[in-house]
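Let's start with one chain on its own, the form predicted alone, as structure tokens.
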Amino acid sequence: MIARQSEYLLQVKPQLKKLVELLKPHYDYVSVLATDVSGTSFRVSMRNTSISEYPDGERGFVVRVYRDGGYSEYSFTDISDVNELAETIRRTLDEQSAMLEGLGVRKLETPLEYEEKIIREFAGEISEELYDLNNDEILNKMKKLRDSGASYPGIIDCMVSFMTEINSKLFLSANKDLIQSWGVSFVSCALLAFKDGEIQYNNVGDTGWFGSELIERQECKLAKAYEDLMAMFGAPNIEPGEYEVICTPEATGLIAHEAFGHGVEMDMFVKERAIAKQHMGEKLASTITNMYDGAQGGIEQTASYFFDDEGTISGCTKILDNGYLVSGICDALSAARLHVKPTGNGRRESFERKAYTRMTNTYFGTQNDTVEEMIKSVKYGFLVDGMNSGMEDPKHWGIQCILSRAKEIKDGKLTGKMFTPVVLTGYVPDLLSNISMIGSDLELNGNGHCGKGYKEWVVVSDGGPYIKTKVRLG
């Protein structure tokens, strides 16, 4: 079904339009973002069952204004008296400006962004179930999945989580009248095992614009997850060195997120904190390598939306084009400072937090190689899998990805030997230039959050196909 627009946002829209009109005579630019996010969180384990509100739910507003070469913002939740609210916003921002000037704080000069006139309504195709959840039915599906996982020998707990989110946003300014609504679901099933005094963990999961059918889809993944989990017991550490490496889509996604995700967020260009600014247009990867980021463009994942939190229509940005670094991603204010077009990547953790350039769905493009061909091509190396965490240094292009396991490949065959955990490190252009084979099946997952700034968190998805490269493991 087509997602319904928020009744609450439609109800308060006339008041918000009046607020914009009241503020317009005092500023060169006025906009307001209204958010209405709700959902439900379900958790089932061998010990507990719970249902609660979606933890990222919110309902509120943020006004952005421009005057004297800079932007200011004011967030609020009460819109009962628009006239009083307009006066409060003006007074508060004037006092704030005077205080900063008195302290000698230098304003970061920002050109007034050009805003084209757009009036549009957007709605995603989502599961009807998200509007009418049958809690008992969902819990029964989760318990069935939990019982399947718990039935394997050595499992001491099987934890299933399922969350739904309905996300609606309204953006108003002198030139824009935008509203959008969409819905997503998240599912994760974690297996916890104990053997010979050691505990190991593995999980499966999925995300997207779906309903509780996501829970049932995990059943077929459990056997492999359990096999990998048990192989991790007693697995040795890998001998540090440079190896031929095949990455599963999960590992590929972590590399995409850390390699040219944060490194091409262009608010870092403004602050001179990303080396990519000096290398736009250069060849930095193998010619078969393409990379994308975008909230739209055929991807319907947890970080998909129709316009961002600054009212910029979303799309899909090609970051790497046949190995060449051709574009970064950008919020509206950074775009104005850099004199480029925003890419629809201005995102807020909530209406109470500032917008940064943030990744959305970040992934490598596909080619035509098969996993079997990749494995056969490896004299000695590893198949790496299982995302744990990662980090990068955008100023020097260092990357570190921590993965759950590496499966040994010798003479074109998997030997059955496993190493855990695995740390993948390297210099980003080397890692990307060494990509020699890329699979044909695109897989993304959005069960993770990405932190930035003062640890503002937003949901992101990442992924890609299987890829083969050469990189250091340890």
Partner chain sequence: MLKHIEELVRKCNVSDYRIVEKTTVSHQAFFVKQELDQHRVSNTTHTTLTIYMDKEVDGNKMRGQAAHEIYGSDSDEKILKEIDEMRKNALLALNPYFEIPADNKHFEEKKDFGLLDVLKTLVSAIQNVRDTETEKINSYELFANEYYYHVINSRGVDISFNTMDEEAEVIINSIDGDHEIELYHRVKFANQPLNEITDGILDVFRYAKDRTKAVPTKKMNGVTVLMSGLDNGDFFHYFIVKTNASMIYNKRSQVQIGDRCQEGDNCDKLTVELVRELPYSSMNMPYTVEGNPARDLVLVKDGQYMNYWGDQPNSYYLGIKEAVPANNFVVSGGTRTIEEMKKDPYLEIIQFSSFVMNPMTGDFGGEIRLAYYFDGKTVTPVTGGSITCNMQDSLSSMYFSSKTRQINNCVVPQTIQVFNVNVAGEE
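Model, not experiment: these values are computed from the prediction. Residue numbers count along the first chain shown, from 1.
Beyond the structure shown, there is the form predicted in complex with its partner chain, which is absent from this document and is the topic of what follows.
In the model of the complex, I288 stays away from its partner chain, with no heavy atom inside 4.5 Å. Interface residue remark: E352 is counted as part of the site for its partner chain in the model of the complex, having a heavy atom within 4.5 Å. Its partner chain in the model of the complex is approached by E95, whose closest heavy atom lies within 4.5 angstroms of it. Among heavy atoms of Y131, none comes within 4.5 Å of its partner chain in the model of the complex.
Contact with its partner chain in the model of the complex, defined as a heavy atom within 4.5 Å, holds for exactly one of F210, W182, Y71, Y292, namely Y71.
Only one segment in the set 212-220, 373-381, 234-242, 318-326 has any non-hydrogen atom within 4.5 angstroms of its partner chain in the model of the complex, and it is 234-242. Contacts to its partner chain in the model of the complex (heavy atom within 4.5 Å) from stretch 248-287: V270, K271, E272, R273.
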